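Here's a solo chain for you in structure tokens, the form predicted on its own.
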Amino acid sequence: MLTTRTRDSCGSSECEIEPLTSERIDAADDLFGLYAQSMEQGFGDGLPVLPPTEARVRSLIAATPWLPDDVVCMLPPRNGAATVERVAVNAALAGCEPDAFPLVIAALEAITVPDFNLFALTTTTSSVFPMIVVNGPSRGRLGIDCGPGCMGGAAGRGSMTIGRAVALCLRNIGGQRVGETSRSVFGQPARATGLCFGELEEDSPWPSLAQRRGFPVDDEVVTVHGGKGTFPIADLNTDDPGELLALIAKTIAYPMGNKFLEPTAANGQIVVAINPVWAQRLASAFPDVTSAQEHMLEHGWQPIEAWPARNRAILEEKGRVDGQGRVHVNERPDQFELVVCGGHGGLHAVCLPSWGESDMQSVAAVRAGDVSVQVTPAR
């Protein structure tokens, strides 16, 4: 958690000259040279980087109420201290603009809440990675992709740089390195570029994800989900909204998902991104999002016969099979998180499958000049 010593506790001139303590390197004269240098010296992620000059780093820090050496969190797996300055350096490498930097800070705070289980997430053999959903009034201004192509290809600066900044922090501050501290067998593209998108609140028939998680509608909220990747769903033939939602629930309860490896169905959430056309259709039958979640719980299962005999015995031993021979992917309705986003070509949805050992977390971003912030000392 951030310390209580904020920019408001010192004079403005003192804050402006607060020393930066990061190691200086002699950067190459051109961007291609810097790219090569980032790979040779190990602070790159395989993609081109931008020079984190002192001016750029200071501009990022100035967008927050914090001082350079304030500690945002400790990042596993090597327990690196993510000071505001170190986070800003990595955000500058990713091309993050100052206005978006408070969301990077909020995302790092969210992923280090204990129930997110970040140490296990960064060291597992799985491909899981923190996926970021943004709510609030800054989405359009920051280039947070909410509409067509919002999970890749829309090219919003906020989406691409916030997600990548978090990934670089995990790599360069936390020490998450494949073959060293991470045992990930396959990984996923989000482990380099990040995955950050916004909810299309304006087209949603339901309260936003942030509102359902207890935040006011005007807050800038970052919600992080330990997601296994993007799992596309498509349908052309189902007109009835109840049948469509039941089919979605059945589809995302696929037998080889991590959720069925867990001893209980009570862990983790499954995020389902619903396009606006489907959302309106579903809301005609389920005007309350809770009723939609309950319908998904009712249909989100597979018959025990879907597994081979040996697997059936294991699921029985874990108590995962109910009296009707059904194996439910989730235990509670609120474990199905519906997020409205994407284009209006109403044929598609995307599931962000759960790793099963991580609970979603939400944190509101804090900007410079916010005098109402309350923080917990870290030093």
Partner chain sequence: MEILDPRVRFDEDGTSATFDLDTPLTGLNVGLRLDRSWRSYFVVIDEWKQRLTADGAQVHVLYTGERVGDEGERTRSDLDEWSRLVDCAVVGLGN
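Residue numbers count along the first chain shown, from 1. These numbers were taken from a predicted model, which means no experiment stands behind them.
Same protein, other form: the form predicted in complex with the partner chain, not shown, and the subject of what follows.
With the partner omitted from this view, the residue of 302, 117, 230, 251 that lies near the partner chain in the predicted bound form is 117 [heavy atom within 4.5 Å]. Put simply, of 282, 273, 89, 146 only one has a heavy atom within 4.5 Å of the partner chain in the predicted bound form, and it is 89. Of the candidate stretches 171-179, 243-251, 135-143, 188-196, only 171-179 has residues whose heavy atoms lie within 4.5 Å of the partner chain in the predicted bound form. Proximity of residue 261 to the partner chain in the predicted bound form: non-hydrogen atoms within 4.5 Å are present. Remark: residue 314 counts among the residues lining the partner chain in the predicted bound form, judged by a heavy atom distance of 4.5 Å or less. Among residues of the shown chain, residue 217 is not one whose heavy atoms approach the partner chain to within 4.5 Å in the predicted bound form. Interface residue remark: residue 211 is not counted as part of the site for the partner chain in the predicted bound form, having no heavy atom within 4.5 Å. For the stretch 320-358, the set of residues having any non-hydrogen atom within 4.5 angstroms of the partner chain in the predicted bound form comprises 355, 357, 358, in sequence order.
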